[in-house]
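Next up: a single chain in structure tokens, the form predicted on its own.
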């Protein structure tokens, strides 16, 4: 089977290849958001995708409260801005969780951070600015005082009725905490999408087994399953499937009845032993795109029954790169994520690009973050089978087609750390 395709030394390519942006648009325009949801408790909400907006039903904070430990004071108008000692009688003590008594003119209440401002109080002075006098029965303040110092007003953070979490948000700890602060204990999230995978090729051997002549260990299986797990998918993994047309059809039928998406690596070429392509065509529909990019020129997309199908290239780096650039946004859109596209940052190329090439290249690079912008150095071996480069690299530098430049050029960079989440 054409699972481990050799890189073509020739850069001349047919005009029928489509651009990376065209391929991404074709793919994401076809993604259907999962249409089922479930309610989950907050402890189970991490990395789930919010299906409905969350609107506040209370103010946060729900009452005027002290921003620090100090003294709440009933300041009178004639005391505003007075320079010199102002004395206030301590008449109350208000820890957080308690409600103080009405505070009269000229009076102060010992107050702690988060405690409600008592009726009659109109400012809070931090304890470091107060001097206890007359056997600690009074405080004296020597600087000018203004109204409403150190008071957090009701609704200062959130006002009742505001939308605080938008649908399509992938829930992170801070969003879960915000929901909890509003008294929300469950959230409606999209169900996890179910992704089926299997792998064909008599040359593939599982790690731990003994390699015979002509065999290779199946790294694509573990890369693909790990990336899907990172995306919080429910993975149905059939493992290695016998390299026959009937076995391939059986695997596709089994997964398509259970899964929203089926993904394979390799096997979609036109060789006599490439069974995935004819099997998908018999059971559903298949588009095979040749993309103007390197690594990872071939990408298959279609459907088997109600399940979408993506066929990735067979070479390890090509498989990972095309998954990250195309399958990942497709999956995130299916999950209901609002910001499903990959994001880039600008970096400075720490290398020359001498030769204009007809394909857009995604070069594995490491960043030097000691400069602004960071400098990107390319891995010396950029072959699509050099899997060690993906461990070494911080990300992918995007080199547009038909481009040459000298060291110092500003280029787009796709961070692997972010794309692996």
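Positions refer to the first chain, counted from 1. On a predicted model such as this, the values are computed, not experimentally measured, just so you know.
Here the subject shifts to the form predicted together with a small molecule, a form of this protein not shown in this document.
Margin query: My question is simply whether residue 336 lines the interface with the small molecule in the predicted bound form - judged by any non-hydrogen atom within 4.5 Å.
Written below: No, no contact at 4.5 Å.
Note to self: Against the small molecule in the predicted bound form, would residue 245 count as a contact residue? Criterion: heavy atoms within 4.5 Å.
What the structure shows: Residue 245 lies outside the contact set for the small molecule.
Notebook entry, point to check: residue 266: heavy atom within 4.5 Å of the small molecule in the predicted bound form?
Noted result: Residue 266 belongs to the contact set for the small molecule.
Item checked: Residue contact check: residue 217 to the small molecule in the predicted bound form, 4.5 Å heavy atom -> Residue 217 belongs to the contact set for the small molecule.
Check: Of these, 219-227, 340-348, 99-107, 283-291, which stretch puts a heavy atom within 4.5 angstroms of the small molecule in the predicted bound form?
Finding: Checking each option against the 4.5 Å cut-off leaves 219-227.
Check: Which pick from 140, 203, 254, 188 sits with a heavy atom within 4.5 Å of the small molecule in the predicted bound form?
Finding: Only one listed residue qualifies here, and that residue is 203.
Next item on the list: Just give me the single entry in 311, 196, 314, 295 that has a non-hydrogen atom within 4.5 angstroms of the small molecule in the predicted bound form.
Entry: Comparing distances to the small molecule in the predicted bound form, the residue within 4.5 Å is 314.
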